[in-house]
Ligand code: SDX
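Okay, so here's just one chain, in structure tokens, the form predicted on its own.
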């Protein structure tokens, strides 16, 4: 029997069906609200209580600290799968067979060349340009070299577009960093795996042979998996709403990159390192900043602690904490900023103030530590986030198009001036 929600307005009652997800989530279906009530809408700033779609991609339970991709726990995927397997899972719905994965990898490698004219576009940016702005522009520029729109009714055309962006995006990201560091552009090596090749494209030097580091590449692989999708967050919702106008895949992804750029979203791991550097410049007294964080009258906030969705713990942080420790140990890095980070984390995991409020270090905290240890510039951190989130964005765009969702068009409650007559300029 279908459950019903009843809404009463001015003595009139209206009934709306309650839909139920596969994980028993409940939602009131208000598609007909305006039509049934003669124009009444809801108001929900930030859409915190509004479901914009039904999706079969990611399940997230913030209260219980659960994150699953297509039904698989993030813990099991991070332990047993590699990033390319997770890409396939998110986009196509199932883990690939060995034959499917081999073909997927081969097809991506065959599309990994970027048109030489893209270098001219990259050359137009000053070194001071933020990498996210560069990456967004380069992704959008791909449209010029692939002008035809994707035929979403053709599985082959959809697959080809997906393979192209998965192949070219790591090249554009690596070029963005190499431009910033005045290194010659690198196309990578197709004999390497997806993540290992990304690392080579970012860090190889023309006068040295590239040597892979398994611990580093394993950590990068896990980071990309952990960031691959996170339900209807700001950038993912942006990709879906831009795509709902039937904008192409590359254009929709470029919009998602811009949304991710903000410090309240993908820029959080950059904000962590900037906070740690500020603490170091002030003498490195962690006890002082722990006290400031506890003082409700002090505007200081510890970046990278707690999460707006996870009310218990961030399951991704538990996984990557171990990788962070392994990377720091393997590289033998001595960095006062990373020492401050470890000190803050140790206090937060034991101090009653943080434990009671469940303000544990989140994935942004540990990802920032790893990226800094690898020598990735701070303003490149969000680019690394985008590399991980790419398959999630693609999966969400593909699902939205295949479900033939309507164009996004939120409503509003107008609070401006009432009708008034125009005043001639001489009388103003």
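Whichever C-alpha set is largest while still superposing within 1.5 Å between the two forms counts as the rigid core. Numbering follows the first chain given and starts at 1. The model shown is predicted, which means the values in this text are computed figures rather than measured ones.
Absent from the display: the form predicted together with the named molecule. The rest refers to it.
Residue contact with the named molecule in the predicted complex: residue 256 places no heavy atom within 4.5 Å of it. Taking non-hydrogen atoms only, residue 372 never approaches the named molecule to within 4.5 angstroms in the predicted complex. The named molecule in the predicted complex comes within 4.5 Å of no heavy atom belonging to residue 163. Although the partner is absent from this view, residue 381 stays clear of the named molecule in the predicted complex, with no non-hydrogen atom inside 4.5 angstroms.
Residues of just one listed stretch (257-265, 334-342, 319-327, 196-204) have heavy atoms within 4.5 Å of the named molecule in the predicted complex: 257-265. Among the residues 130, 109, 179, 307, the one placing a heavy atom within 4.5 Å of the named molecule in the predicted complex is 307.
The listed set 303, 114, 122, 242 contains one residue whose heavy atoms approach the named molecule in the predicted complex to within 4.5 Å, identified as 303. In the predicted complex, the named molecule lies within 4.5 angstroms of a heavy atom of only one residue of 45-82, namely 48. The rigid-core alignment places the CA of residue 352 2 Å or more apart between the shown form and the other one. Residue 261 shows a C-alpha shift below 2 Å between the shown form and the other one [criterion: core-superposed Cα displacement of 2 Å].
Superposed on the core, the two forms differ at residue 294: its CA moves 2 Å or more between the shown form and the other one.
In the predicted complex, the separation between the C-alpha atoms of residue 348 and residue 219 grows by 3 Å or more relative to the displayed form. Look at residue 215 and residue 348: in the predicted complex their Cα atoms move 3 Å or more farther apart than in this form.
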